[in-house]
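What follows is a single chain, given as structure tokens, in the form predicted on its own.
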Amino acid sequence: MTSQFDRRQMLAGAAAAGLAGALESQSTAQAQTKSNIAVRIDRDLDAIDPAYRTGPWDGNVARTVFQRLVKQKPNSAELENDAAAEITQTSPTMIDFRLKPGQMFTDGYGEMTAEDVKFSFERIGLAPEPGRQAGPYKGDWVYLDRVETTGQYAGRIVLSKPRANLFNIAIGDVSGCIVSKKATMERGIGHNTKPVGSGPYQLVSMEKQKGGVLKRNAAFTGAKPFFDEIAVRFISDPKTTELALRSGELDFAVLPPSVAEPLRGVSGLSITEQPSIAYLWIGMNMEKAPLTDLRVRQAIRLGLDVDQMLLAAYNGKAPRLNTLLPPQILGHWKNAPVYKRNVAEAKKLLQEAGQTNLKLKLLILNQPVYQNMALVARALLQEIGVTLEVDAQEGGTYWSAGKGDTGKNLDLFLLRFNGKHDPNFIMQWFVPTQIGDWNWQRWSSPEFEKLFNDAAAELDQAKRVQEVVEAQKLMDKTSAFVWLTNEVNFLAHRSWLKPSAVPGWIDWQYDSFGAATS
């Protein structure tokens, strides 16, 4: 196809190109004059120690503070050497590594050695150090048998069974962060908030309800980060975040569609939409009557209308999820049932269960998106004879509601977890040992656990997919999970800023944030 332009169009085009060039130059100049940025997190920092982190908000900071043997390249899932000079898988159950010499821990804790690597991995995958409980990410190192040190800088990771995706989930991710053994032992629980690493940044302050400050680690031997300082600010409310972006107090945030869309016309801000691998669902406590009755759980699932709930919360921008794993993840159950609302069948099930005046409580995080969905759910369930009380809680109360014996009191809850590109990482929260921690359904299924373990060791991809799909079918049979969405991310940031993340847009690579045109 050819096009013809007249002189006026050519001049207009030249003017537009000139304006674009000027704006680009302006953006570059703005970025180059900035030595610090502020980014928003929607959950408060809690534990930067890799073994005891509470989620990606902690993990994203940990990745900048600690080194790993290998790490993801900027904006990529492809791995490259980090602390390792060499790393080789010599058999399905053995990985040999050799560290680069001269990698120094901060606060005077000396040089990284193979003994630090052994300590870092075994404290997560095997027994924790004395006086501390096992961390929640033990599943990342499933089948770890031991780490042998074969020299000051050299060692060998030994597994009891082959392990699928070991490099991406364990060695190259937060559970593969290398801590100083001496500092961790000396600081104990204090290492959660005063971590000692050797990575590109050092956490110089951390304060509850405020966040933390990262400063560039001058002793880091790898690539120098673009920014000298990054303020990681905890702001739970999306509207407050919007105002901070407008005023220039904040340079980067992830927002729900309803808050991000109005920012599209704001000068100096860029809004981009990215697919997400987070997952939301309404869960039911299978240990608490009457939710112990399968018919009651089936009735609630049939009484809800997922599409209506998503429309109310995301303005139609978020895709519906029908099973645990979203389509981007290996083992997605493509033919999972798409449950449609059926009031008559729901009422019939409740009648058969002897539930004529059922009252339940739905716990949600106190955020507008979840409140909108909860209000729709309340109206929908009212029509089948269920009176739903919406219990909206602030983060601290909400995230501890399913822990320990407290979790026995839950009825229904709306949960959002963050995913990674591995089915076992996502499945690990639903095994029996997670009851009292993150398995808020209190679902105890040895069959599910076996499929989880089998899939972790399966190197044949086709067989692994089948095991993962079978595990999702087991979840579906319980009717204790009403899958909602894997969301969509709206990134709001200064136009001169170029964010960086592992695809999936949850694992931010703060140390690779830079100028938009650099």
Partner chain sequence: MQSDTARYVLSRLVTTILIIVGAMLLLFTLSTIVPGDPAVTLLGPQATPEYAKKFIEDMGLNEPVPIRLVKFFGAVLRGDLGIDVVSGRSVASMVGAAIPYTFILIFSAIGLAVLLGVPLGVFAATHRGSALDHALAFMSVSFIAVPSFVIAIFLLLIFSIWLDWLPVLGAGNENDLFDQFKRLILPTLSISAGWIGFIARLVRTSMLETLGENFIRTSRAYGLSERLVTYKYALKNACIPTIAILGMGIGRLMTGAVFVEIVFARPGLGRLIYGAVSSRNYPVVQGSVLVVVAIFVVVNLIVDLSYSAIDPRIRRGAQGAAK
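All values derive from a computational prediction rather than experimental measurement. Numbering follows the first chain given and starts at 1.
The discussion below concerns the form predicted in complex with the partner chain, not included here.
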{"item": "One stretch from 109-117, 235-243, 83-91, 286-294 that, in the predicted complex, holds residues within 4.5 Å of the partner chain by heavy atom", "value": "235-243"}
{"item": "Interface membership of Y153, the partner chain in the predicted complex, 4.5 Å heavy atom rule", "value": "no"}
{"item": "Non-hydrogen atom contact K210 with the partner chain in the predicted complex at 4.5 angstroms", "value": "yes"}
{"item": "Touches the partner chain in the predicted complex: S247 (any heavy atom, 4.5 Å)", "value": "yes"}
{"item": "Interface membership of K463, the partner chain in the predicted complex, 4.5 Å heavy atom rule", "value": "no"}
{"item": "Answer option from K73, K161, K348, K403, heavy atom within 4.5 Å of the partner chain in the predicted complex", "value": "K403"}
{"item": "Of F167, F226, Y137, Y143, the one that lies within 4.5 Å of the partner chain in the predicted complex (heavy atoms)", "value": "Y137"}
{"item": "Heavy atom within 4.5 Å of the partner chain in the predicted complex - qualifying residues of 424-439", "value": "F425, W429, W438"}
